[in-house]
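As structure tokens, one chain now follows by itself in the form predicted alone.
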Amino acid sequence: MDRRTFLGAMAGLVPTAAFAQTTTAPGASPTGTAPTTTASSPRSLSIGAISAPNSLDPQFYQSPTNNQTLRQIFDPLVTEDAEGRVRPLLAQSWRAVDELTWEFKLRPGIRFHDGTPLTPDDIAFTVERVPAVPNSPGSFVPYVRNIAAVEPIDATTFRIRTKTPNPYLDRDFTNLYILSRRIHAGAATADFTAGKLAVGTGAFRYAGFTVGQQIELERNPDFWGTPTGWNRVRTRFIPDAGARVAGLLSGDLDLIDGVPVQDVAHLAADPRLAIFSVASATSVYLFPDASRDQSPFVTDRTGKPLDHNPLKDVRVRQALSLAIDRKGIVEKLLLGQGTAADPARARQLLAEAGYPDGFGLTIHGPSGFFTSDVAVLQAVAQGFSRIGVDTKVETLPIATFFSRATNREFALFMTTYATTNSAELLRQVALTRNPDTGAGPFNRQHYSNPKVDTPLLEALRTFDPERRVGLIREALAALDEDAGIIPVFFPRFNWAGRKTHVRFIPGNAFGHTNAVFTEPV
């Protein structure tokens, strides 16, 4: 799959529903696809996960790792299923009353872990707190910036009024874990991470957390939804793939994520084990520094820093994209565990841009963020080197990498973004960054393109689904033409578990690893 097809696939993810009402019976499955407990009594579960959350504050950092961990303790109003449809959770129904007003109804009788009842005022508090969280490396502000007011109607009903039309407001709330004004007013991020205020409405309660090492949870006996079959859950954060596999084979771990692609076949053949797999809505992409006149880690072929940043030239960015052997990465390096995204044309573009002899470049990426991440980055570098861009690779621990990327210390880096909604990808990653409005929180390279912004901003306030899809496709086409981001592939997520102990049901396209999506055997 080339980059145009890749972005076309993203365009196909645009939801088309508007003014829809969604309902489910009280007590129904909290995910829309969650498992039903089959064990006769609660049991313990031990998970080995590739990456660790950096905080237990559900509003501190919008990252897959944080979100998947916190989903066990906290709940959002609504959630997405594997097909990207918005499903009930704390809210049992909702509707758009008009283009500036949405109405939600909470399930009755929901309580936080300490017994505090959930009320519409807690939704108002959750929205109010988001912009007040300091030092967020990935803010949730875009989801609440357009909200003018949250107005309680009765004990379970409230209305949300927006400043401008927002056809994605229900989908925005899939990303916001609900807090309690009574419990969390004045809470600091450190209070959550220390466990003092890690109090939600979720299926599990906090039982211990060691940053970077493990989290322990215990069953919430008063959970509002389908009871979990696990009495206690321990998740250990093990970035080394070999150590995760060894822990599974020894019986020390019941379930692992990030199964190395080379191990999938032989683990699947082990009669003690099962492989659980799902195609993802996560896109792996490269983000070039297309805005600065000079960029770090860009040199001539002798290692001397260049006076002018070649990545500002669209022809160079297009050449780099053409140099990526996407088919080879997916079929050979990943052994088919993904969906793939003309060296001669690439060299021609470099020459046209004034770099017939190429240049030097260091590309950066995280280590232990997703399966084979380092190997993928090395394969990308090999493709660049084949067209004359002498490329080095530097990988970093996750926390260090994202901190430096946010500080704009890289010329080009590899990362991921997970969404079933292409408008969300554009809004978070490609929209011109604006701290005052919360636009582009993950636009770490400060990319800016009016041809992307104009149709995107119009789409974000357009309720007519057909027109909205057309505007999103226009924005995606502009991003593709400009090679503002360079897509590589969609990964496939694989887990392995002890067949007689656990069944893992992914339940979504984001690859979340947690006990919510498991059941005892």
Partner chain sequence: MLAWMLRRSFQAGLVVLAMTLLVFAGLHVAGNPVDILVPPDADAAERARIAVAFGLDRPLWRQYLLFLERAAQGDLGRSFIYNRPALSLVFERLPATLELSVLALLIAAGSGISLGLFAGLRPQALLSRLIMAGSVVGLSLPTFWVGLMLVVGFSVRLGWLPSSGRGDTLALLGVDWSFPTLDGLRHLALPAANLALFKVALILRLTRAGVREVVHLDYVRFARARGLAPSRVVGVHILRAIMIPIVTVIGLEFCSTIAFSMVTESIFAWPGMGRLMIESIQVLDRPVIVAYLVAVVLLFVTVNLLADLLYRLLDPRVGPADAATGAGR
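Positions refer to the first chain, counted from 1. None of these values were measured; they are calculated from a predicted model.
Heads up, the form predicted in complex with the partner chain isn't pictured, but that's what we're talking about next.
Asks: Each of 274, 495 and 520 having a non-hydrogen atom within 4.5 Å of the partner chain in the predicted bound form: is that the case here?
Replies: Zero of three within 4.5 Å in the predicted bound form.
Asks: Considering non-hydrogen atoms and a 4.5 Å limit, which listed residue (97, 393, 351, 211) is close to the partner chain in the predicted bound form?
Replies: The residue in contact is 211.
Asks: Using heavy atoms only and a 4.5 Å cut-off, determine which of 81, 191, 222, 240 is in contact with the partner chain in the predicted bound form.
Replies: Looking at the other structure, the residue within range turns out to be 240.
Asks: Name the stretch: of 321 to 329, 114 to 122, 417 to 425, 159 to 167, exactly one has residues whose heavy atoms fall within 4.5 Å of the partner chain in the predicted bound form.
Replies: That would be stretch 417 to 425.
Asks: Does the partner chain get within 4.5 angstroms of any non-hydrogen atom of residue 226 in the predicted bound form?
Replies: No - in the predicted bound form, heavy atoms of residue 226 and the partner chain never come within 4.5 Å of each other.
Asks: Given that the partner chain is not shown alongside this chain, does residue 139 nevertheless sit within 4.5 Å of it in the predicted bound form, heavy atom to heavy atom?
Replies: Yes.
Asks: Considering only heavy atoms, tell me if residue 60 and the partner chain come within 4.5 Å of each other in the predicted bound form.
Replies: Judged by the heavy-atom cut-off of 4.5 Å, residue 60 is in contact with the partner chain in the predicted bound form.
Asks: Is residue 385 one of the residues lying within 4.5 Å of the partner chain in the predicted bound form, judged by heavy atom distances?
Replies: Contact check for residue 385: no, nothing within 4.5 Å of the partner chain in the predicted bound form.
Asks: Going through 235 to 269, which residues have a heavy atom within 4.5 Å of the partner chain in the predicted bound form? Please give them in sequence order.
Replies: Going through 235 to 269 in order - heavy atoms within 4.5 Å of the partner chain in the predicted bound form - the hits are 236, 237, 238, 239, 240, 243, 246, 247, 249, 250, 252.
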